[in-house]
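Presented below, as structure tokens, is a lone chain in the form predicted alone.
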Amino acid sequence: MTKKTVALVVGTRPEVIKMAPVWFALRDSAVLEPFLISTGQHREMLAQAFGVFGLKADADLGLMQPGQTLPDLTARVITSMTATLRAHRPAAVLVQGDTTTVLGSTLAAFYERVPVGHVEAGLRTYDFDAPWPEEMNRRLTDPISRWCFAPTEWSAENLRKEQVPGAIHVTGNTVVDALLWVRAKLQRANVSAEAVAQRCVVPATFTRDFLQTPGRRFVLITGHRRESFGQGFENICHSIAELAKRYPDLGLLYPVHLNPNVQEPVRRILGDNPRVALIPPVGYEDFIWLMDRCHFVLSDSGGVQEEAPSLGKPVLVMRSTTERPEGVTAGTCSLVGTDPAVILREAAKLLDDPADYRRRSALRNPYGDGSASRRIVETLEWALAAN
């Protein structure tokens, strides 16, 4: 029997991470097979993510251009994806998340009358400015999708309230599948602190004091959101500096995003602080290794909010709102925004109250159990086999 092709579209590192386990599940299907399309929206980080999972794009659109605008990129995604879909005629298209790649690919598939499945559907802040433009991208993608794969019941309820016409399936988040896969890979390889530090360019002193010395606590930090550019990042950096001052035995490890709007304030305010290690962006495997060993995470990343609870790590979310409120409700995450007083207050709870820290570390991850990809593929097998 000839298998039907399902195209998976990725353009950024998070999309590769969250789609990789779906690719594996499609590969193992008796009736479906994957066709991986890369738009190249984040070219410099895609190859690294593909390498983690041993994947290679079947079609690489190479759309990344220096200084590109959102209208330019959106137009190129639509036209390039249209040509690709016409050439390969998949039975369905899967997109993940909220990027320009997602919206442009969904529109192209809609125009070509190819059904779309939206992985991670239904996330909402109901604030078009936060995150921008991602909130709008998601809200435009869901009504066009034939299958909305919601990670949680809260996300599914958002879709029901909006009366989206597609079928809604609660699957869990595929990022948990990816996280557990990578952690098992790291454990099999018995990866050492020295190897991780060398790849991540972690200073030798920080490596010795915090990565190699048992019992020494460090905080893992990430930050890149557009809405925090300017005063927001200034506040974040001053909060980190104050944490280092108040807790002399605490390390702070910050893989700094390449965007100049992030680099400038971080380097200016934290560059001379001996206990704040500023390192280049790290690969996904190394990030998971570091997250598995940190005390807690200070981040504005959506993926980190979903991943860290599976490792027992609380997250202080440096955003005023989140489209992932399940973690806040469960207690695995706390919204702290970019207000230094709030960041320091919530960090102190995790550093000064061992009992509360243990309680939060033991909470169940509300975002999934590691079987989301299998549920998605089972739904597609049933739906496409009927056609």
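Under this definition, the rigid core comprises the largest set of C-alpha atoms superposing within 1.5 Å between the forms. This is a predicted model, so every value here is computed, not measured. Each residue number is its position in the shown sequence, starting from 1.
Unshown form predicted together with a small molecule; subsequent notes refer to it.
(message) When the contact criterion is heavy atoms within 4.5 Å, does residue 258 count as touching the small molecule in the predicted complex?
(response) Yes, residue 258 lies within 4.5 Å of the small molecule in the predicted complex.
(message) Would you classify residue 238 as touching the small molecule in the predicted complex, given a 4.5 Å non-hydrogen atom cut-off?
(response) Heavy-atom contact with the small molecule at 4.5 Å: absent for residue 238.
(message) Taking the small molecule as it sits in the predicted complex, is residue 99 in contact with it (heavy atom to heavy atom, 4.5 Å or less)?
(response) Judged by the heavy-atom cut-off of 4.5 Å, residue 99 is in contact with the small molecule in the predicted complex.
(message) Can you tell me if residue 41 lies within 4.5 angstroms of the small molecule in the predicted complex, counting non-hydrogen atoms only?
(response) Flag for residue 41 set to yes.
(request) Sort through 216, 185, 226, 88 and report the residue having a heavy atom within 4.5 Å of the small molecule in the predicted complex. (result) Among 216, 185, 226, 88, a heavy atom within 4.5 Å of the small molecule in the predicted complex occurs only for 226.
(message) Please tell me which of 133, 312, 203, 143 lies within 4.5 Å of the small molecule in the predicted complex, judged by heavy atoms.
(response) Going through each option in turn, the one that passes is 133.
(message) Looking at 269-277, 69-77, 154-162, 244-252, which stretch has residues with any non-hydrogen atom within 4.5 Å of the small molecule in the predicted complex?
(response) It is the stretch 69-77.
(request) Could you check whether the CA atom of residue 320 moves 2 Å or more between the shown form and the other one, using the rigid core for the fit? (result) Shift of 2 Å or more: no.
(message) Would residue 68 count as moving between the shown form and the other one, using a Cα shift of 2 angstroms or more after superposing the core as the test?
(response) Indeed, residue 68 is displaced by 2 Å or more.
(request) Answer yes if the Cα of residue 125 shifts by 2 angstroms or more between the shown form and the other one on a rigid-core superposition, and no otherwise. (result) Moves: no, less than 2 Å.
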